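This document opens with one chain alone, in C-alpha cells, the form predicted on its own.
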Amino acid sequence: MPLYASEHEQLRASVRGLLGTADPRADGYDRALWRRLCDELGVAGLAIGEEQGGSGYGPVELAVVAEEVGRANLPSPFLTTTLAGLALAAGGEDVGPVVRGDRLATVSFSSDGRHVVDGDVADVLVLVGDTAGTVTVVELASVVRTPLTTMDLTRGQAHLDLADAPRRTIAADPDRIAALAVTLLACEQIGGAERVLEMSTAYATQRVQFGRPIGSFQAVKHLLADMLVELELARSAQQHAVALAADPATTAPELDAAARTAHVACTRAFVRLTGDAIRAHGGIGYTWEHDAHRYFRRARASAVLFGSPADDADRLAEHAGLARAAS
C-alpha cells in the first residue's frame, strides 16, 4: 500500500509552491517565509493535537514536509522546531507560540549545550536524555550563545552556556523523540537526494560533448543508474520507518530499529548522491556558484547531526542479537 495518498500529494504541492519563493542561496533562515509556512500551512504544529493549537496530523504529513524542505535545501528551523514542539506538547507545555511561529524551539541530544542546531536563533531548548530517561526544557532568553561556523551553510549551530540555566523536566518519551528525529532527518535526506539526481539527469541531457549529450555516454548512464538504485533502496527504508511511526501498534524496539535503519541508509545515499552529482556536472559542479556543493555540505553535516550512522549500525546489531536470542 502506498505511503502517500492524494491529500499528501496536495500538501506536497502546497509546500513546494511556497518554498519556491525562498532564496535558494540564503545562508540564514528566512523569518518571513517561516511565518508564512506556519500561518498558511501550519507546519510547526502539523502533528500537534488540535486541542493544543495544532493540526492533529501525524508522521506521514511531517514526512511530506521534511522531504520538501530537504529537496529545497531550505534554511529552516522546521526539523528542530517540529521535534521540540512534539516533546513540549507531550509534556503538557503551552505550545501555542511555537505552533504560530512566534517562538522557535530546538532540540539537543546532549546536555552540554555544544553544537546545538538552531541554537543561534531558538527561544527554547528541549534536552533529550539530559539525565537517564528524562526530557528537560531550558528557556534561552538569558543564555550566552556562541554562534559557530558550520560546514552546512543552511543550518546554524551555537554553543550554549547552560551551566546556570534553570531547567524543568517534562513527561515526554526520549526514545520516541530520538526515533522521530532520525526518521524525519531521513526524509530530509531523501528529498535532497532526489533533487540532486534530478539536477544531474537534466544536466546530462543538456550538456553536449563531442556532438552528443553526455547522458548518452555509457559511463554517465551507469553513474545515473547507480544513483537511482541507491536512492530507491534508501527510500524503502525511509518509508518503512515513517509507516511504523504512524502506526499506534508499533512497539518501541520496532520503531527504534526502523528509524536507525532509515538513518543509516538515507545518510549513505545522500552523501553518495551529492558526491556523484558533483562528478556528473563536471567542472561546473565544483564551482562555488553551482548549488551542488550546498547539497554536498548538507549531506556531510547531516550525517552526524543526530549521532553517527556507525553508532546506529551498532545498535541495529544489538537488535539483531536480541531477535536471534528471542527466536
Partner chain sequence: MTETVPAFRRRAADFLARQGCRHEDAPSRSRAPGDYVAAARVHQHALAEHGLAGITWPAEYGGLGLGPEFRAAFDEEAAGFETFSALFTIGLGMCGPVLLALGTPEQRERYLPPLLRADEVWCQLFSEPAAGSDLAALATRATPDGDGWRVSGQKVWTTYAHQSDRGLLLARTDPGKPKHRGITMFVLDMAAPGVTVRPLRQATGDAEFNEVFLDDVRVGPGDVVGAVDEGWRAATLMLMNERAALADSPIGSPVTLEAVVALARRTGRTGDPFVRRAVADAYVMQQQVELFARRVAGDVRVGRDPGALASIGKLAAGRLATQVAALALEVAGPDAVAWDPADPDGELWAYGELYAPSLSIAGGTEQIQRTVLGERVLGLPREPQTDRDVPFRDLRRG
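Rigid core here is just the name for the largest C-alpha set that superposes within 1.5 Å across the two forms. Residue numbers count along the first chain shown, from 1. All figures in this text were calculated on a predicted structure; none of them were measured in a lab.
One more form of this protein exists, namely the form predicted in complex with the partner chain; it is left out here, but the text below deals with it.
**Student:** Which residue, Leu224, Ala165, Met199, Ile170, has a heavy atom that falls within 4.5 Å of the partner chain in the predicted complex?
**Tutor:** Checking each option against the partner chain in the predicted complex, the one that comes within 4.5 Å is Leu224.
**Student:** Just one of Val135, Leu104, Ala204, Ala90 has a heavy atom within 4.5 angstroms of the partner chain in the predicted complex, so which one?
**Tutor:** Going through each option in turn, the one that passes is Ala204.
**Student:** Does the partner chain, in the predicted complex, lie within 4.5 angstroms of each residue among Val117, Leu125 and Thr146, using heavy atoms as the measure?
**Tutor:** No residue of the spot touches the partner chain in the predicted complex.
**Student:** So in the predicted complex, is the partner chain close enough to Thr251 to count as touching (4.5 Å, heavy atoms)?
**Tutor:** The answer is no: Thr251 has no heavy atom within 4.5 Å of the partner chain.
**Student:** Is Thr261 close enough to the partner chain in the predicted complex to count, meaning some heavy atom within 4.5 Å?
**Tutor:** The answer is yes: Thr261 has a heavy atom within 4.5 Å of the partner chain.
**Student:** Is Arg100 a contact residue for the partner chain in the predicted complex, using a 4.5 Å heavy atom cut-off?
**Tutor:** No.
**Student:** Answer yes if any heavy atom of Ala265 is within 4.5 Å of a heavy atom of the partner chain in the predicted complex; otherwise answer no.
**Tutor:** Flag for Ala265 set to yes.
**Student:** For the chain seen here without its partner, which of 82-90, 136-144, 107-115, 237-245 has a heavy atom within 4.5 Å of the partner chain in the predicted complex?
**Tutor:** Stretch with heavy atoms near the partner: 237-245.
**Student:** Going through 299-321 from first to last, which residues have a non-hydrogen atom within 4.5 Å of the partner chain in the predicted complex?
**Tutor:** Residues within 4.5 Å: Ala313, Asp314, Leu316, Ala317, Glu318, His319, Ala320, Gly321.
**Student:** With both forms fit on the core, has Ala310 moved 2 Å or more by CA between the shown form and the other one?
**Tutor:** The answer is yes; the displacement is at least 2 Å.
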